[in-house]
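We begin with a single chain expressed as structure tokens, specifically the form predicted on its own.
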Amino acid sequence: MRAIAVSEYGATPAPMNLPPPEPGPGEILVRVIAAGLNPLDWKIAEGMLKDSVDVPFPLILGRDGAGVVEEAGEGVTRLRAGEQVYGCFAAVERGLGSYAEYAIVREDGPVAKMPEGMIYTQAAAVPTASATALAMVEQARIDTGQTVLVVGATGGVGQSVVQLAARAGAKVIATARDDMAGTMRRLGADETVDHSAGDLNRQVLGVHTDGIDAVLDMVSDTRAAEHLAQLLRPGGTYITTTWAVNPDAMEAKELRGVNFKGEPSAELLDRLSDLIDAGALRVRVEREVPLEQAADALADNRLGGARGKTVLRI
């Protein structure tokens, strides 16, 4: 089967012809039609797991995908051959991932039926980013009437966070340059602030003089997070996917700091399907590329500044 893999940590991802995996008991084999690209993919290629997981090489990259159940292993009852599914298909301990014509996932793992009427390239963009956003908004305890700053709002996670926080009843301030401000407002943001136009704290406090209730941050390092935390009122929450806050130091300032690590699940994916089917969540695919251009797409993603999701067409 065609796949994009690395022969060792740090190697350039390259097209390879590898044997297709075979589903074991409780597993399904998925014929992958589209794979979603995440920053985690290039981080794994560079060696993020080298001290924690014994990974075989070649290692097929990729986590998110959408496709058709090709074969169900012994004991599988929840999903059947021919059904359209989406989810997280990485099995790095076996050298397997979603950047391939076929992928493996456990039936009780992060896989679910695709939302009604959704095409494969859109569905492949959903699992990690939108499941992270849903769990993140809930852990931040966003509620009606709160004012929330979303930092990194134009990326895949950020765009879903904006929509879900607005749906929870919050007044959402999204970070965005001028050319993305309209998109953020259409997704539910009440205001936008542009980090390239000056200090974010000054811009936010110029309108919200008594501070805000929460910061949901996908991009900041520790220094930037400490600065942005000054926007919070007593009792406010700072939740970050980059593990940039010190919860104890935040608590000493009467603030709640959360270093967030989310894991997609079938339950979260089913809930996302319901939201998408109801028109309450939209996923913006910024770029579609053929599988063979995965290395260039990963290099571009590493530079940052995403304005939606990149999807590989298998």
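All residue numbers refer to positions in the sequence shown, first residue = 1. Bear in mind that the values here come from a model prediction, so they are computed numbers and not experimental data.
The following text describes the form predicted in complex with a small molecule, which does not appear among the structures shown.
The chain is drawn here without the small molecule; in the model of the complex, the stretch among 174-182, 80-88, 102-110, 137-145 whose residues come within 4.5 Å of it by any heavy atom is 174-182. Proximity of Gly304 to the small molecule in the model of the complex: non-hydrogen atoms within 4.5 Å are present. Proximity of Thr121 to the small molecule in the model of the complex falls outside the 4.5 Å heavy atom cutoff.
Although the partner is absent here, Arg233 sits far enough away that none of its heavy atoms falls within 4.5 Å of the small molecule in the model of the complex. The small molecule is not drawn, but in the model of the complex it has a heavy atom within 4.5 Å of Val157.
Contact here is defined as any heavy atom lying within 4.5 Å of the small molecule in the model of the complex, and by that definition each of Val219, Thr242 and Lys261 is a contact residue. Though the small molecule is absent from this view, in the model of the complex it lies within 4.5 Å of a heavy atom of just one residue from Arg167, Arg94, His195, His227, which is His195. Note on contacts: among Arg287, Lys43, Lys50, Arg284, the single residue with a heavy atom within 4.5 Å of the small molecule in the model of the complex is Lys43.
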